[in-house]
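There is one chain below, alone, in structure tokens, taken in the form predicted alone.
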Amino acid sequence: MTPSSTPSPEGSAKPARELWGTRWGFVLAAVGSAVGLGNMWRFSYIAAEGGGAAFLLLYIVMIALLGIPLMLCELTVGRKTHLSPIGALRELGGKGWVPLGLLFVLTGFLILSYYSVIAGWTLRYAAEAATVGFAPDAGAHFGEIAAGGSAVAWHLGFMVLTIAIVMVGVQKGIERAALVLMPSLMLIILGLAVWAFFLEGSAEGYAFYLMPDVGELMDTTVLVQATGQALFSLSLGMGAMLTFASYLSRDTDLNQEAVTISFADFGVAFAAGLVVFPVIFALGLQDSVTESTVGALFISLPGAFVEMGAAGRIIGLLFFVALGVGAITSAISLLEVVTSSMIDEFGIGRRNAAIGVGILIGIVGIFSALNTDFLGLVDAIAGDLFLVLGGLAMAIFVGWIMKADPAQELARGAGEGFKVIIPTVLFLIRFVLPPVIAIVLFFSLQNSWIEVRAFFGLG
């Protein structure tokens, strides 16, 4: 794959658009978009709430039935148009679908504004582990650094790093970073999983994580959580996969890429669970994980690393480095959604677009860095509600609306094995995804409303 002009469906040439240099560059960048704090932080927390293995099994099912078809929706639109979300939806759906493209851009903007704050905490913990070690009183330390001037500084530092990668370009920036960072992340996680295997008491953690309770498999709450996590962890509903696919050549096998990305993402999340759950049970941290996501990641685990002495400092350093790597790969895709849209819609150069929107996101993120309650509010609205709403609209758009035959687009470049299942994929997109995602949206609305009322003191 090399940069080239992209012919439109009518044969007219579009402005030259950079393409991915290699297939694995795209795959690793897309996996990097999906892999992040959602895999190593949110996944373990939701799995613990959902009974461990029961959630894990349902999560696999939801990735296959919902995640892959919805990812194909975004990949199809992006590759077909070679445009970012706003322009792509305008081209295939008309001006009436521009608001969905704007929703994708807004969602990426808002998620990155608070995600970078959490990523900043992660980088700070990694830096402290490498220099001074973890604080003896982890709870008090987190209370001191979670909000305020230091949180703002680390948030802005993380944004500078993200901007620096995106502004360089698709091949020299995003792809090159993915080719280095993603293999590094996977090696660190696998190494930590091997270490966790030998912890005394880890067997109980494996049992909780890998042996499902049949009764919990029938729990609708667990099913809804698994569905929501499948959408969240695959970066669906915010235009990231659509944007990355806009840099693909037209003969790319989207079906193969969607399966590869989805199960690579699951593999990282699963491996992270093989680290987290043995540690949780070996060190008796079960209650802190189910009570608070932040409490588990930034209080309980650092406290446990302190108790482990020198070995704990090394393991903790590797753990937070892995978290930081996952955070930066996800942040790159979030910023690229907004940056690419500015380039396509306003003709701004990549460098200026990345710096401009990056600075704006950094400014908005200061509010989350100063107030963790505000961070939670934005997460509930953008990370829960907007993502699900975007996923629902995308399934309806590709299944019923877009001005292109989805079957023909999915068949383009596909191997014979994938061509056979295209009718099944279209059935899932048209008849299964909308009602199931609508159910998740109902619960997301409830949760978001609770957060809004709590933030404004409405009871």
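Values in this document were obtained by computation on a predicted structure and should not be read as measured data. Numbers follow the displayed sequence, beginning with 1. For clarity, a rigid core is taken as the largest C-alpha set superposing within 1.5 Å between two forms.
The same protein also exists as the form predicted together with ligand TRP; that form is not shown, yet it is the one meant from here on.
Student: Select from the listed residues S246, S113, S333, T122 the one whose heavy atoms reach within 4.5 Å of ligand TRP in the model of the complex.
Tutor: Among S246, S113, S333, T122, a heavy atom within 4.5 Å of ligand TRP in the model of the complex occurs only for S333.
Student: Just one of F298, F158, F232, F319 has a heavy atom within 4.5 Å of ligand TRP in the model of the complex. Which one?
Tutor: None of the others qualify; the residue that does is F232.
Student: Which among 29-37, 60-68, 423-431, 397-405 is in contact with ligand TRP in the model of the complex, heavy atoms within 4.5 angstroms?
Tutor: Of the stretches listed, the one contacting the partner is 29-37.
Student: Please tell me whether any heavy atom belonging to A240 falls inside 4.5 Å of a heavy atom of ligand TRP, as the geometry stands in the model of the complex.
Tutor: Close contact exists here: in the model of the complex, A240 approaches ligand TRP to within 4.5 Å, heavy atoms only.
Student: I'd like to know if L236 sits close to ligand TRP in the model of the complex, meaning any non-hydrogen atom pair within 4.5 angstroms.
Tutor: Yes, L236 sits close enough to ligand TRP in the model of the complex that at least one of its heavy atoms falls within 4.5 Å.
Student: Should L83 be counted as a contact of ligand TRP in the model of the complex, where contact means heavy atoms within 4.5 Å?
Tutor: Flag for L83 set to no.
Student: Contact with ligand TRP in the model of the complex for L387, defined as at least one heavy atom pair within 4.5 Å: yes or no?
Tutor: Yes.
Student: Taking the rigid core as the frame, does L323 move its C-alpha by 2 Å or more between the shown form and the other one?
Tutor: Comparing the forms between the shown form and the other one, which are aligned on their rigid core, L323 does shift its C-alpha by 2 Å or more.
Student: Is L254 one of the residues whose C-alpha moves 2 Å or more between the shown form and the other one after the core fit?
Tutor: It does not, since the L254 C-alpha is displaced less than 2 Å between the shown form and the other one after the core fit.
Student: Relative to the superposed rigid core, does the CA atom of C73 travel 2 Å or more between the shown form and the other one?
Tutor: After core superposition, the displacement of the C73 C-alpha between the shown form and the other one stays below 2 Å, so no.
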